[in-house]
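Given next, in structure tokens, is a single chain: the form predicted alone.
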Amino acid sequence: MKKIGAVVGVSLLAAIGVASLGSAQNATLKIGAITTLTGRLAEFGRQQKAGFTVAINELNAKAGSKGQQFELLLEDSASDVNKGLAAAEKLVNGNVGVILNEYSSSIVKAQAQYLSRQKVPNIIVSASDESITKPGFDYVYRINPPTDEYAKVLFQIFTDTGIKSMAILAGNGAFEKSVQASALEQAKLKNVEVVGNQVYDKGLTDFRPILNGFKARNPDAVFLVGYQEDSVAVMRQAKEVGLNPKLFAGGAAGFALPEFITGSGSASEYVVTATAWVPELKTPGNKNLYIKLVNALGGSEPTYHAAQGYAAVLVAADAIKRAGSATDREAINKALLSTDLQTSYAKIKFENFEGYKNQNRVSMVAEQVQKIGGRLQFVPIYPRSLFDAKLLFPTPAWDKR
């Protein structure tokens, strides 16, 4: 398997069954991509890169030896807004017709605004800040669900388990604040009392004063939104101070990564988190996708970011095929508007609804960290109509609370 290169001048070639596109039949068809290969968000980029790799390899296999080649130009934003913008500018100047981008909402929103001004189609892979597609931009299309969906699936669990009060702890980034806002909106709709609502600055390492404050208010649930290092620190310190609600709920991000379990250890058990994809979903080819993603990750467990990266490449390739060009941005933009593609991740169709623009409709699912055969692992539990596993509590007494 060929590897996707990291920064400048590194690419991945693959064939696709597309008739001659552009002026030269043998010319490669370029797709731009930006993700966080280095820096504090590098794990999300590693996952997306695996998805890109699997999709490119699939396209190559389907095309055969005579198919026209796709070239994925992958740039590293290094977990930084300005470096992400520089990467976008480089791809724009390189006459790329469509660009995929990454995870962090703060980084992605800046790129989306810039690319829309440049009239370059931009496929959002994993960022979920509501404001990216609400009200949205003419050249921006999002595969990932917005943060309202993150909150909705967790509040389904709250309703079913009789949660009446909650405390919220969220980072101050665009993604975290968007999930926080969605949680507050759901709390109002579901009549859940918010007894604590705290935003913390990036770089905070001691959460114990906040967690002790929550403990004093005795909420039924604690709703958490943070990245990888924060998720581990919060849960380890929650156990340390004896904060023991009926449920800890994570709004995806760091709480949905395998590293959350390995870093938090026993403190991760029973934590529930939203996620956009699990291998147990019954979408066409999903089991095979899971196996391929595991291989691309060197044996590591894939997350929804990998599945979304896979889908994004297929969407871009499909749009280029229907546009008849890899460089005609207006033709590609028009093709994206009519996208109707079933992938192993989900069905992709960009729509305008409820104030969103060019937003794919896909619901989140929820999983819980449970001990299976002596090993802590993510187990999908919601919606209950899709999964057989049941929600577990630290003690049977919670069922009667």
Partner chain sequence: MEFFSQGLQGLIDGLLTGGVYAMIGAGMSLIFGVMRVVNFGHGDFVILGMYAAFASNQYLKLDPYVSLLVVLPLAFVFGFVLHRAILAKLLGANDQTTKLATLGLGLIATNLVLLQFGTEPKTVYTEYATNAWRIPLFGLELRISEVRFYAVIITALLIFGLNMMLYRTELGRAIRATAQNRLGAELQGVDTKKIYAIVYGIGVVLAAAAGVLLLPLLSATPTLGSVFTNKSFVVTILGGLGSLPGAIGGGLILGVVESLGSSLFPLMNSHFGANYRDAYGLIIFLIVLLFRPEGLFGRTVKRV
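Residue numbers count along the first chain shown, from 1. Because the structure is predicted, anything quoted here is derived from the model rather than measured.
Heads up, the form predicted in complex with its partner chain isn't pictured, but that's what we're talking about next.
Residues Tyr290, Gly299 and Pro380 are none of them found to lie within 4.5 Å of its partner chain in the predicted bound form, as judged by heavy atom distances. For the options Leu85, Val278, Ile210, Ile157, the residue carrying a heavy atom within 4.5 angstroms of its partner chain in the predicted bound form is Ile210. This chain is drawn without its partner chain; in the predicted bound form, the residue among Thr38, Gln69, Gln342, Asn352 with a heavy atom within 4.5 Å of it is Thr38. Across the options 85 to 93, 326 to 334, 312 to 320, 257 to 265, residues that bring heavy atoms within 4.5 Å of its partner chain in the predicted bound form belong to 257 to 265. Mapping the unseen interface onto this chain, Tyr200 counts among the residues with a heavy atom inside 4.5 Å of its partner chain in the predicted bound form. Taking the partner from elsewhere, Val153 is found to have every heavy atom lying beyond 4.5 Å of its partner chain in the predicted bound form. A residue is said to contact a partner when one of its heavy atoms sits within 4.5 Å of a partner heavy atom; Ala216 meets this definition for its partner chain in the predicted bound form. At a distance threshold of 4.5 angstroms between non-hydrogen atoms, Val272 is out of contact with its partner chain in the predicted bound form. Contacts of stretch 223 to 246 with its partner chain in the predicted bound form, defined by any heavy atom lying within 4.5 Å, are made by Gln228, Glu229, Val232, Arg236, Lys239, Glu240, Val241, Gly242, listed in sequence order.
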